[in-house]
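What follows are structure tokens for two forms of the same protein chain, given separately as structure 1 and structure 2.
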Structure 1
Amino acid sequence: MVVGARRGCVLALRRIAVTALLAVLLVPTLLVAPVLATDVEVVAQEDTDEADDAGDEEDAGGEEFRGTLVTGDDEPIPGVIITVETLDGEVVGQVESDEDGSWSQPVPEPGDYVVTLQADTLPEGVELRDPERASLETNVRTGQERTLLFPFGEAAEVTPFSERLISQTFNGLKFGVIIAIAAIGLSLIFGTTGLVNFSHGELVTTGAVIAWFLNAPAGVGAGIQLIGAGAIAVVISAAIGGAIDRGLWQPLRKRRTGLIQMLVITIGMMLVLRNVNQLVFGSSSRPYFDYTIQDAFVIGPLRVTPRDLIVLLLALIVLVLVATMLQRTRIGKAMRAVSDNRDLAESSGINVTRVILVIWILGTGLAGFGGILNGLVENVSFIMGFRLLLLMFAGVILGGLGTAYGAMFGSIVVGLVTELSTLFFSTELKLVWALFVLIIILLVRPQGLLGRAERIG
């Protein structure tokens, strides 16, 4: 009887695991296709809407940023220092505007940069129209000489606060659900094995990078349209996750390796994966080849590109599917049981090893999916995963370490905090606020907002 039941259970587990995986994979394909077909590919709004773009493209290489600083009365502003740095804060160059107020700063390669006008070098009486916009995060394509505009003088049309609130809430939500999708695996793996996986961020990057190469035109990559490329990348990510668990963690758990020892191993993994990603993908950050340029449409006060809207919807649907899977399906219940009390689950006939394997497959697949979404709304870079990792930790802890729903909820809060903080504080500090929330939560409610207090003894 028991043996029969077990076999039945195993078969069911296997079937449901496959179904769950397929669900994760198919949803993007099914849902995105019809909507994206309506896209109008017109140059209208850059995804980085922070700089006015007069992108005169030239064939020759040599990317640069340039512009002319003039006051509201068209007087040139000389002697103002402008610096260009990478997203990681490495200074690429620094330039001073000349007599005509013109400046140009070459950059070594295409990618994302932060261009900062040093406001303290402005002459007396000249001020930026919007002091928040002294720093522009912007992107330059191969061979592009990108013109940036720093408007001076009285702010002619400041976006009303309510509009900014709405658009930042949208951005926060979008960012939050991406973190949430990526963080589910982190949380489930912790819940079932107690492992704090520092290499989880790199699995996010890996998914995005795989999708990029599948998506890149022939010569560089496989030239598959992004939807197909994404689906394949998620499958490969999931397979990598399964392989890592089978090849590394399963034997280690069998040897009863200490948790701290395993934690240090994840750090080694992180270094390996990140640097391999960097070797393969390069240090620059690059967009996917589809859906980069889109017409924004206007919903009430909100301007949003179809791509961003679809990313948000897609992410929400996947979150709901995962939640349903955890709640309703057998494997989902098994996951929660193992997460709750491993010994008890084991003695109740649940094959814990298999459940953990499924969690790795599912979690890594979702991490890869999150990476692709993140690469879609921002850009793909080898460092993106690590940047997300700390936010995932924040989200997972906020919601209560080890609970999947908590991770979803906490991540969305973190996304909102990150984006909404820019309404009041400098953009360059937005990640600081998210991490700050993490520390505050640890201070006042370490079990997380949704977690239960732990018992001693």
Structure 2
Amino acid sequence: MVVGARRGCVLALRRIAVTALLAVLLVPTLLVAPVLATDVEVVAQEDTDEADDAGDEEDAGGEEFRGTLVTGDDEPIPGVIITVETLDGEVVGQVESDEDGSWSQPVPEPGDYVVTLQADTLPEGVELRDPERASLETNVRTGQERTLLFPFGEAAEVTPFSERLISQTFNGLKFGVIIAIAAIGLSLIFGTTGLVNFSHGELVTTGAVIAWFLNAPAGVGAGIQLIGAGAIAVVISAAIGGAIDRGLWQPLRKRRTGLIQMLVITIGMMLVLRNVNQLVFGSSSRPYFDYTIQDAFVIGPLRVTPRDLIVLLLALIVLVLVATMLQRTRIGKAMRAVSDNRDLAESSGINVTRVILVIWILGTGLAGFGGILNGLVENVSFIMGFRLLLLMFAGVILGGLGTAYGAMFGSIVVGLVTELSTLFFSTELKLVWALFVLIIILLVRPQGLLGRAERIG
């Protein structure tokens, strides 16, 4: 009866934690989702111009619209006037494209704007591919440099569905393994301590920010090549995780602090880490200084850059190594034993405190590595980890709470669903479809895809 009561308490706490998770994260996600993708054609900005970065930091919040005007033959289009207005028609600014076709216009604050290209200023013989898209209604987040694309020339050929399917499957797998690497520590920490760590996303950001400063040229950072910078950043992230457990969580566990109180502490830690990252790194998103621009090569119907292929291979190798460690090594078996039944593991001679410390070191090191990979695929920003947090939780819950293998598998499913949904629906809804699949699977298997059903009583 005592065992049944204890299991009932654990399951009740899990339900409370999951409910709190969805309640806290779903609202900001729905608010952010329209910002993540709009009807405007937006491309990822990979600007290596240090002067532009310095100019962005001088702006109040760093928000701006920018782009490069080129013809279908990649010839720059100078002298074109672009106007930025609020939705009420108030002109925020007007800019003219330079000799390289580049333009940028800062805005005073985040929000919705209308960006209009003055078609009558285009040179003779140059026309917009779609004249109705001369005015684009879009928005900008805090510290964001939003790049807009105005297509010129004849309409592009429609890519066959089969090629788009292969491309999005590759993108989904790449995105999924990045989420998986970042989510392993989150799952192991919950499995061994029952703690829902809302600050885990900021640990992802911290790893990426450390690697950025180590990779930045001398005067700004250490000027270390990205491979070395990434390795050092992972070690530092792991050390931070160990220090957090030794300095904060171990004393709280000894005092038998409740899981709800500890959950609130993780929210406070999340806010502290996010503001520290913003203070140190700034509000603008920036790429690493290595491998920013690469030519894509063709593998059958798939066009992929060497950077994306390396990110996928590195992530898969790390996932295999982690799985091998959990399955074959002594410490890995101890981790799984503590995750399955902490009391039984402790009674059999396993040092639970030491195992939890190793899990924090491993989990935060992997979180930092996931942030570095995500910063390679996109840009580094102070809020990048928070954007991944919901997807990490979705992967952990989908795969099965507390199991590292479940976190890996569930995260890959989430990544694939997120990217493949864009073949049929707007990109604004891709996070919604990931959550929808999560709900459907949990209705069929409440314990998750790889979780084990438990019987109470």
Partner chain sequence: MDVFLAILASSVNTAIGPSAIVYALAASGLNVHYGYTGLLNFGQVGFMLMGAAGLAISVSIFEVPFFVGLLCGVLAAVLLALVLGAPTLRLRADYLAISTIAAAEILRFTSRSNTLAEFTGGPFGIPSQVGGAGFTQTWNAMNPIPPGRYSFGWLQFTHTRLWVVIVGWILVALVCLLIWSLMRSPWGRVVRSIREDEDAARALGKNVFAYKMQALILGGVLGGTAGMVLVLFQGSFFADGFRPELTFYAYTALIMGGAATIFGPVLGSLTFWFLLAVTERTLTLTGILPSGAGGATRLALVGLLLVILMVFRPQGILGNKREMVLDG
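Numbering runs along the sequence of structure 1, starting at 1. Note that the coordinates shown come from a computational prediction; the quantities given were computed from them, not determined experimentally. What we label the rigid core is the largest C-alpha set whose atoms superpose within 1.5 Å from one form to the other.
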Name the structure that is the form predicted alone; the other one isn't. 2
C-alpha of Gly101: shift of 2 angstroms or more between structures 1 and 2, rigid core aligned? yes
Is Thr83 one of the residues whose Cα moves 2 Å or more between structures 1 and 2, with the core superposed? yes
Arg342: after superposing the rigid core, is there a C-alpha shift of 2 Å or more between structures 1 and 2? no
In Å, the rigid core superposition gives a C-alpha shift for Glu132 between structures 1 and 2 of 13.8
What Cα shift, in Å, does Val437 show between structures 1 and 2 once the core is superposed? 2.7
